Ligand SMILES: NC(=O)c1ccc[n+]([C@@H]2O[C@H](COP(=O)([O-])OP(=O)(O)OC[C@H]3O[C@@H](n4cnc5c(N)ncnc54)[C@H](O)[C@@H]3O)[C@@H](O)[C@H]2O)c1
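Here's a solo chain for you in structure tokens, the form predicted alone.
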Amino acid sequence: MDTGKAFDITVIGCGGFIGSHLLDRLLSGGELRLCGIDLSSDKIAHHLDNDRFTFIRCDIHDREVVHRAIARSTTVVLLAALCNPSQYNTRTLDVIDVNCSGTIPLVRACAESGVRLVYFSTCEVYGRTTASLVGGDYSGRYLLREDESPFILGPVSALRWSYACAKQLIERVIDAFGREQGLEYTVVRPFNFIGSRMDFLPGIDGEGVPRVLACFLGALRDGTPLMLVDGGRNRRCFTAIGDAIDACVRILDRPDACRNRIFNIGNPANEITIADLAWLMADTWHRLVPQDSRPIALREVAGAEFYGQGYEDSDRRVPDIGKAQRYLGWQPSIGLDDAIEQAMAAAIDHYGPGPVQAKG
């Protein structure tokens, strides 16, 4: 690819979970010239000496630096976000800033520079299902479609929806730039990507409350109960990061097919309740750490107690992936058991099994 630009692709948020895996794939071969922007390089340290990769350490608010990199790029992949549920009702202003108001100048810069934008939104934009509003019958009212399903959020007092609302609005901003100023864009709505390097463990490499897999993994390492928020009744579809990156690369390789389209990227076959996920992870833990004889317990906790006042959650998120199948030729192939085992094995390799109690 030779467009006369300094960088074929600039990845803003390259040092995070998805960004680090995307760099792994894009730098594994070929001749692409990449620029990466982030505050941290811990997860991408193995790429810093690559001649085809330029790393810029800054955040999205350093507009002069970031806009200069955008102008020198053919495509921008925008991953920068605050996307931890524990922050939605405790750092609400930061969540709105990073995920919306602070992102708008980057979208404008892409439009002004004629740069293609691949933006990573979230499946949380859908909010709750219509079925959750009228009772327990989900027949025909739970599958989420990019161009049809309504966005259903709670009231302002339910602070948890600050993230989803910010992401909804930035999607509309991107669409408006596409219609009114010719921005070429693709929006990705990830459905619970999981894999190595995805989160932190409190007290080891971060503080606060991480997402559910890290919460459960930390409890398994420490021998403490796995906390089921509101009974663990809500359902999620977990998507292996390998499958997700396959879709991302196809989006980058197909600009014409993906122009001004929104894609659900997820694995509808991998749906599970959070309570059943806890037991699946417990069984997987015993298989991966057979020397641990400590009993595993689950404990129910109210969402307001676990995350703070203003917490509310979506009941079910199942993606319709027909558009990704049609335009990308993409189909996820990694089942739930394998995806969970891969993510847990990578975490155990990185953090160790914790203070296990040996059998016998």
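Model, not experiment: these values are computed from the prediction. Position 1 is the first residue in the sequence shown; the rest follow in order.
What comes next is about the form predicted in complex with the named molecule, which does not appear here.
Chemist: Give me the residue from Leu228, Leu117, Cys100, Ala80 that has a heavy atom within 4.5 Å of the named molecule in the model of the complex.
Modeler: Partner contact (heavy atom, 4.5 Å) among the options: Ala80.
Chemist: Quick one: from Tyr185, Phe193, Phe177, Phe216, grab the residue that has a heavy atom within 4.5 Å of the named molecule in the model of the complex.
Modeler: The option sitting close enough to the partner is Phe193.
Chemist: Heavy atoms within 4.5 Å of the named molecule in the model of the complex: does Ile60 have any?
Modeler: Looking in the model of the complex, residue contacts with the named molecule include Ile60, since a heavy atom lies within 4.5 Å.
Chemist: Flag Ile18 as yes or no: does it have a non-hydrogen atom within 4.5 angstroms of any non-hydrogen atom of the named molecule in the model of the complex?
Modeler: Contact check for Ile18: yes, within 4.5 Å of the named molecule in the model of the complex.
Chemist: In the model of the complex, does Thr122 have a heavy atom within 4.5 Å of the named molecule?
Modeler: Yes.
Chemist: Asp38: heavy atom within 4.5 Å of the named molecule in the model of the complex?
Modeler: Heavy-atom contact with the named molecule at 4.5 Å: present for Asp38.
Chemist: Taking 4.5 angstroms as the heavy atom distance cut-off, pick the stretch from 185-193, 216-224, 266-274, 68-76 that is near the named molecule in the model of the complex.
Modeler: Answer to the contact question: 185-193.
Chemist: Taking heavy atoms and a 4.5 Å limit, what residues of 143-172 are near the named molecule in the model of the complex?
Modeler: Sequence-ordered list: Tyr163, Lys167.
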